[in-house]
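Consider the single chain below, provided in structure tokens and representing the form predicted on its own.
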Amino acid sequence: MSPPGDIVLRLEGVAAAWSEGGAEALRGVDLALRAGTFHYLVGPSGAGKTTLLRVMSLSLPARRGRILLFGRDVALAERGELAALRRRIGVVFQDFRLLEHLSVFDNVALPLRIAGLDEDRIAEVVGEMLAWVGLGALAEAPPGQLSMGQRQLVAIARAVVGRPQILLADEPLSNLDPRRAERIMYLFGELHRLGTTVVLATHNMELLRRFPHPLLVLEDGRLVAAGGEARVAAGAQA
């Protein structure tokens, strides 16, 4: 983990679009995330939250601007270095992105295998994680046999199993019942306590009240408030 207070991700004047010739979904975004912080990413539908998370995870290139990840300008990094940087980030995608030909166990184990852990350790860590999210009995099931909520839990387990330095989660609780959603929030909170930098996109104002953290507020592709300023704005809306 990066020392607390270090900037782990910086965006400088970043613009991005979903397609090469498409309209910009982000415009002029400046942001600095420090190690060990937890932010909610909020804003109306279409504000650019998913686009921003994709840019931060290096799964969508910026059209303009500069991105520094763990102090490295990603535009100057070679392919192997970029892959290594990505492995330090856990991502919960809104569309899950599970590999349908792999079992639940193997989907969750994937980042650990890429990291080179031995199979005995993988079996232990993945088994514990699946038990925590309540999917231990479905370890050998293919994703196609799961409910939407169960698929969501597999995506979350895969994102956090390697204790990433940065966790980016796009509406990770949207398909979960209140009891499981609360349990996952405690899991995210524990990762945060251990030093993971968390950015969680949500529309759930009740979640913000129950588990308060600073906000990043997007409107029409621009970051309009952050931190304490955003807390005040959220309080006024509530």
Partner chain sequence: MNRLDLDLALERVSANRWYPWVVAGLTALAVLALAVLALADGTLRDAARRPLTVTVALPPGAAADVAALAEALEARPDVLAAEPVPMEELGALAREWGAGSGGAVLLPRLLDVTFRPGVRPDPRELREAVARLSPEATVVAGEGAAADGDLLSLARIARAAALAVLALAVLALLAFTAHTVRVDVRAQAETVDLLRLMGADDAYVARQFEQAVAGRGLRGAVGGFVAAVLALLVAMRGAAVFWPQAAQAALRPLDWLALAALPVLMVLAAVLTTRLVVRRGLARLP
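None of these values were measured; they are calculated from a predicted model. Numbering follows the first chain given and starts at 1.
The discussion below concerns the form predicted in complex with the partner chain, not included here.
- Across the proposed site, Ser57, Arg86 and Ile114 without exception bring a heavy atom within 4.5 Å of the partner chain in the predicted bound form.
- Proximity to the partner chain in the predicted bound form, taken as a non-hydrogen atom within 4.5 angstroms, holds for one residue of Leu76, Met148, Ala131, Leu99, which is Leu99.
- Among heavy atoms of Leu110, some come within 4.5 Å of the partner chain in the predicted bound form.
- Looking at 68-76, 99-107, 163-171, 131-139, the stretch with residues near the partner chain in the predicted bound form, meaning non-hydrogen atoms within 4.5 angstroms, turns out to be 99-107.
- Residues of 169-193 placing a heavy atom within 4.5 Å of the partner chain in the predicted bound form: none.
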